[in-house]
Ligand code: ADP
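Just the one chain here, the form predicted alone, laid out as structure tokens.
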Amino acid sequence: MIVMKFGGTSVEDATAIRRLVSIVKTHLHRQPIVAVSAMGKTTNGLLESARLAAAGDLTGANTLLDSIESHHLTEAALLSLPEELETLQSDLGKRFDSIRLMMKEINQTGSIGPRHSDAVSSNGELLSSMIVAAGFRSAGIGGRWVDIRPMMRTNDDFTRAAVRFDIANEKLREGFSTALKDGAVPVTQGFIGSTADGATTTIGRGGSDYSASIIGAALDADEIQIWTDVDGIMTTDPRIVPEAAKVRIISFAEASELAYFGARVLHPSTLLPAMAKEIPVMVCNSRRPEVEGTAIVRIAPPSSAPIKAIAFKRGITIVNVASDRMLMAHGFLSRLFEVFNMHDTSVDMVATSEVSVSMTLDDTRNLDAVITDLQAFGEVAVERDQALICLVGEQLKYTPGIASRIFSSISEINVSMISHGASAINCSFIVSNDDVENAVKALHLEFFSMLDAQTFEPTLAATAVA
């Protein structure tokens, strides 16, 4: 059994969904479970509609909903069997009717609470999965729509709910065992779940990949496939470096670091369930299914390349705390980091001296409260509009001269923080947002001008440059 997750661009319209069906058709012998994201930009559209309703513009909210509904109905008509179309359109219409009722409630309260936000945004996946299941049936494949919510049990931390694995794993095993009967292809949703009392939750934006990994781990899948609109994991973002190469194979540890530090192909949490069960993950391109994607495995084969890829995150904030009380003080850092824990704020990088500590954040929702509490420890300074660049490779820490190559290649760019050695496979540092593109280009030129053919596959752009 395999789990195949398809992202928003892979289900954006009837043409994309037909490609999806043809891809899954080649894997029917492996008992696929299909998990899908919302169509295109549906989730953003639904949330924008809710924002308009909360701002008092219910007419604008409904006009936007009408546009979203029209797109879904049009694509459904292109995909559905004629004898099923009326029922499918009715089911889709009922869901949009329920969304409009939610918009009225939001309009009356004048705000979008987390519970309402999840109730609204979850509809994108519910709608797309109905249409995809119909697309399978029109192609002669037994597509069976499966509502993931009763199985994917979460806590009630709306908009970023945590999965209750002690309950969810058993429910997923039971639910999909039934759904897989008779050779059917279960079509379900990523991103969403529900609380014990049945309230719909979401597990965070980008959580569809994570959902697929959870399903795969619960069912001991042979493989988890993430189908997106790129050929796999790249040596860096091809929008900055067009000649970026595809990484053929990479370890769980390397891929996890890249996802956490900004690579957009995978959600940062995606690999955790797969890693626990040692289930290989494939990242593939639904627009070019003939191209072999990137394989993510427990242990990657040896490579002559010390660096596998470069990731980056913009919009980083640095918080600096300076205090003479740090000097020789026992427990100072423990108390300081308790402030971040108290305000549900995670820290990416840390650098310390005898009397100061610097920390980077990419989640600044509670920054004001954090700063207020940190001022009890000493003088607090904040630097905004920074970027974190991360180089990842299994041999990074143990290859002499790597640090020299990294920082020599960007010698004209100011670096304000460095983390090297804390992780055996990661070297990270901070530059200004304005410098990130030049830094990434210089680093890519330094480390990927010559490619290990066993590890990397050049793109057409890279071949043209060569």
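Since we're looking at a predicted model, the values are computed, not measured. So that there is no doubt, residue numbering starts at 1 and follows the sequence shown.
One more form of this protein should be noted, the form predicted together with this ligand, which is absent from this view; the next part is about it.
The candidate stretches are 167 to 175, 366 to 374, 110 to 118, 261 to 269, and the one lying within 4.5 Å of this ligand in the model of the complex by heavy atoms is 261 to 269.
Interface membership of Gln225, defined by any non-hydrogen atom within 4.5 Å of this ligand in the model of the complex, is ruled out. Mapping the unseen interface onto this chain, His330 falls outside it, with no heavy atom inside 4.5 Å of this ligand in the model of the complex. This ligand in the model of the complex is approached by Gly232, whose closest heavy atom lies within 4.5 angstroms of it. In the model of the complex, no heavy atom of Thr455 sits within 4.5 Å of this ligand. Taking Pro306, Pro238, Pro280, Gly378 one by one, only a single residue has any non-hydrogen atom within 4.5 Å of this ligand in the model of the complex, and it is Pro238.
Counting a residue when any of its non-hydrogen atoms is within 4.5 Å of this ligand in the model of the complex, the hits in 1 to 16 run Lys5, Gly7, Gly8, Thr9.
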